[in-house]
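As a starting point, one isolated chain is supplied in structure tokens, in the form predicted on its own.
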């Protein structure tokens, strides 16, 4: 049967999880999930979230003005002035501005809004989102260990999930979905593993908050090939969702918890099917081929072509098979690239992905790509990127380790030969799902080298967004660094859409 479900999105980031739910179409063609409130504290991510909320107000009849904005033909203010009612609704949905859960005033606003929403009669309610991961991620924990006097039990970020619990206590949704990095499985506070406590708290939020009564939740795995049964007695690894198993062109492994209120939904027993793996080239191959820029010096096509010739000279030919003709051919091909990308580039090349993913990503009304502009690299990194991409082409997509680098290309890094940074430079293999797109892509492109040696660059924001399965009409606000961070921190919408399908089947 059909139904309408209200969705609350907490710690929403740019809205990847919410996008998957709201874009999900039920078998009868209806859109059963509607976001009623989304909460995000970072300013640029909030602007992205609000713009997407504005987009959703039009259903399938998005006005030309939206696409004009994406093509930079009109400003955001002009767009919102053209459609004041939809703009006001989007602003209300995103609480009028960035909101930080854990802040006293913002918490009061969020909780008050939740209580006002409950009587709307929209049943059932769904709560989604994931607390910030800096305290749980392996990289974040390594960074914290370097902070003098750092104590995990005093780091409030370990306990931001309690804000998620407070919302559960107020809303008491039929289903919740909580996402986080796999480091949460091993995170400890005061010598005690935190994950078991989180599972217990999520199963009974009111008790976890020191209250009586409240709803009880069963927690389930979303691992393909297993039954959706409670896993308190299962290994932690059974909570780990591998995005590539859902047809996402990226090996993104995250903990995703599905909570089901045990008083309204019977014990589910359906199998979660495993999808076919999608290689990176399937979603990157139709984007315009562009060159990188030169950082720290005057940039021009001529200067870049000269830098590519120098990079080829710097590469150790024996390490790349001993055939200089390969490098010479790459340099000639690079000579045909002059553009670093535009604010808007039109579709021109064939899309190689499967039909469902094509329909999901491409928007013929937009007719092209936004957020697809390269950044600059210093000459030394151009040589390393060229070496890496050619090496990967010769070794079935495998990136070189530090021991494979010629000494002339070794970076001036004290730990380069220690083994700790053996994979500091990584190519996104053409014929395999990409490695995890993370927010680190905002700092440098070393882990995100394009597989095409002629382009010799790191991934653009749009390419990272494609690997994350954001539709082409999904626009990321802010400067390029902020855009990269948003994409890297997001949940892949294509994965979220399939989770929405699971939730729909539970509630139908």
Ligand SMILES: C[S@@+](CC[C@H](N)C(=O)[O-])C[C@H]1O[C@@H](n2cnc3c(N)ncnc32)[C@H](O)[C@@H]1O
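Bear in mind the structure is a predicted one, so any value in this text is a computation, not a measurement. Residue numbers count along the first chain shown, from 1.
This next part talks about the form predicted together with the ligand, which is not shown.
Visitor: Which residue, 477, 36, 454, 42, has a heavy atom that falls within 4.5 Å of the ligand in the model of the complex?
Guide: Flagged contact: 42.
Visitor: Note which of 285, 132, 376, 279 lies within 4.5 Å of the ligand in the model of the complex, where distance is taken over heavy atoms; exactly one does.
Guide: Selected residue: 132.
Visitor: Is residue 21 close enough to the ligand in the model of the complex to count, meaning some heavy atom within 4.5 Å?
Guide: No, residue 21 sits far enough from the ligand in the model of the complex that none of its heavy atoms falls within 4.5 Å.
Visitor: Is it the case that residue 160, even though its partner is missing from this view, gets within 4.5 Å of the ligand in the model of the complex, heavy atoms only?
Guide: Looking in the model of the complex, residue contacts with the ligand include residue 160, since a heavy atom lies within 4.5 Å.
Visitor: Does residue 500 make contact with the ligand in the model of the complex, using a 4.5 Å heavy atom cut-off?
Guide: Output for residue 500 is no: heavy atoms all beyond 4.5 Å of the ligand.
Visitor: With the partner left out here, check for me: in the model of the complex, does some heavy atom of residue 100 sit within 4.5 Å of the ligand?
Guide: Yes, contact at 4.5 Å.
Visitor: Within 4.5 Å of the ligand in the model of the complex, counting heavy atoms only, one of 100-108, 238-246, 388-396, 358-366 shows up; tell me which.
Guide: In short, 100-108.
Visitor: Which residues from 470-496 come close to the ligand in the model of the complex, meaning a heavy atom within 4.5 Å?
Guide: Those in contact are 489, 490, 491.
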